[in-house]
Structures are given as C-alpha cells and as structure tokens.
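As structure tokens, one chain now follows by itself in the form predicted alone.
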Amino acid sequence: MKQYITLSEEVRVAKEQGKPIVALESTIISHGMPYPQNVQTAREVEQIIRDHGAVPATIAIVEGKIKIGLSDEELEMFGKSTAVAKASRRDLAYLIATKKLGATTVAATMICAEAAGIHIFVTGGIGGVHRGAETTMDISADLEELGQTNVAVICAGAKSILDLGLTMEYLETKGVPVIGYQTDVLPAFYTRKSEFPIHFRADDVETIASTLKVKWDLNLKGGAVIANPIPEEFAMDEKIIHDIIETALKEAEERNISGKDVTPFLLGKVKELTEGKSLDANIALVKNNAVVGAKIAVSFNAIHK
C-alpha cells in the first residue's frame, strides 16, 4: 500500500512529530463549488485547522499516487481543471493505474486517510440513501465505507434532498454511531434540524475523542458520523428548503430526470432558487466543521498516543 502513498512535507513532519492531523476531501474543490470560491474555501479551511492546533491533509489522486496533503498549486489545479475524475472506492485502482487526476469523495478519502494512519476527517455533508432508493438502489458508497473504515467523519449531516430516515436506518444497520455535537437531532446540511434523532449527544470534543478511542480499542470496525449543525446565522429556513426541494422533485419528474441525474439537478435548483445563498451556507458549515474537527483531532491525539 505504501508504494502508492505520498505525503506532503507538512504532513510528513506532522507524522514524525506525532501531531494531530485532519483529513480533507478534494471532491468538494473539484465538483462541489464553483471557482474561485472552491480554492479560497479550501485554503481557508486548511488554515482554520492549523489555527486550532492540527495539521490539514487534503487528499487527492495525482500522477499515480494517493497524495496526502496538497500544495497551493495543486489546490489551484483541482479547483480550475475540468479533467478531474470523481474518485470513490470503485475508481481508486483505475485512476492510480492510469495516472489520471482524481478528486476523492467521502468514501475514497476515508480509505486513503485510514491507509495513512489518519482517523479524523472533515467534510461538508455525507451522502446517504436517495429518495426512491427502494426501486433505484441508489445508496451512497459513503454509508458502506462508514460501516468498515476506521475514520470519524465530521459533517453537517446529510442534505435533505436525501431520504434522511432511511439514511439513519442504514447507518444503524451497519453499526455506525451518529454522534450529535451539541444537538439531539440529525442536522440536514443547510438547516440545523431534521425530525430524526441521533444516537448519542456529546457536548464537548473530549467525549467524542474518548468514544472513538474506546470504539477502535474494542476493535469495533467502522467509522463514526459526528453531526455538527451549521451555525445559526448561516442556517437556512427549513420550510423554504423543503418547498424548494419539493418543487425541484416535481420538475425532475416532469422532465423525466431520473437515477443519478436527480441529485445534481436538485442541488442546482436549490442553488438557483436560493439565489446563491446555499453556496454561502455550504462554505460556512465546512469552516465550522473544520473548527470542531481540529479540536477533536487534538483531543484524540492526546489520548491515542
């Protein structure tokens, strides 16, 4: 495995010195936000993690290697290039073998982070069970990865375009704990709340770090979801988001948009109908997750040594 992994100088030194490291995905840069906000956000998120005592490690596939930690020039390249593949578990081997550029999803970032000995990962939101999955079988690979890979994912829940109830059921079946950071319910990405209770609540990062240590000490394989609601001042109105999604779903049906085309269509509609406010919310919640993730990494590192 190690022949396929290369560490940036910052990450290499951090590992040698036993510093806490936080993994970051690259799909959010290449496929999640427009340029230049994507690159600017990536840089700011990395700096937030440094400011809170940890070392950022943005992960991507570059020249036949899993790159753990990207340079400023590489962040720019992933933000601008249109020739970057979206890399999940199924894609990693092919992209590495053919030396193509790959931006890692939540699932792929978890795999690469664990391979590099990194157990804390910050992202925006996780994928989940899609609406209508009982006929389409459209279930994000993120959930399967959470069931088998020892990485904790700090996120703002899952987008409400998904079936949040079935997503929680799937995670429960896979034995994945969903820990709400200062919340009793699953946040729904753009909004702070949903109708679905989480498994456990933790009001401080030390409780989360201790839970993760015990989980993996007991060899209870798999990750954990740390659900961290979007800051109040950036949260969007639940009814507005609900109405937009219902309108978008109806339009998708009328236009015969189905399968994997539905999600990009719905996200595009949310952005369009919120007049770009959804992008501001997305950026705010990722930064907020970076703060919490860095604190968890520092606490976990202190007891994990």
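From a predicted model like this one, the values you see are computed outputs, not experimental measurements. Start at 1 with the first residue shown and count on from there.
If you look for the form predicted in complex with a small molecule, you will not find it shown, but the lines that follow are about it.
### Query
Heavy atoms within 4.5 Å of the small molecule in the predicted bound form: does G180 have any?
No - in the predicted bound form, heavy atoms of G180 and the small molecule never come within 4.5 Å of each other.
### Message
With the partner left out here, check for me: in the predicted bound form, does some heavy atom of A42 sit within 4.5 Å of the small molecule?
### Response
A42 lies outside the contact set for the small molecule.
### Task
Indicate whether T263 is a 4.5 Å heavy atom neighbour of the small molecule in the predicted bound form.
Looking in the predicted bound form, residue contacts with the small molecule include T263, since a heavy atom lies within 4.5 Å.
### Query
Going by a heavy atom distance of 4.5 Å, is E145 a contact of the small molecule in the predicted bound form?
E145 lies outside the contact set for the small molecule.
### Message
Each of P20, A116 and N150 within 4.5 Å of the small molecule in the predicted bound form, by any heavy atom, yes or no?
### Response
Not a single residue of the candidate spot has a heavy atom within 4.5 Å of the small molecule in the predicted bound form.
### Task
Would you mind picking the one in I257, L267, L273, I240 that has a heavy atom within 4.5 Å of the small molecule in the predicted bound form?
Of the candidates I257, L267, L273, I240, L267 is the one lying within 4.5 Å of the small molecule in the predicted bound form.
### Query
With the small molecule left out of view, which of I61, A57, I28, I49 would have a heavy atom within 4.5 Å of it in the predicted bound form?
So the residue touching the small molecule in the predicted bound form, by this definition, is I28.
### Query
in the predicted bound form, which of the stretches 180 to 188, 135 to 143, 93 to 101, 164 to 172 has residues with heavy atoms within 4.5 Å of the small molecule?
Selected stretch: 135 to 143.
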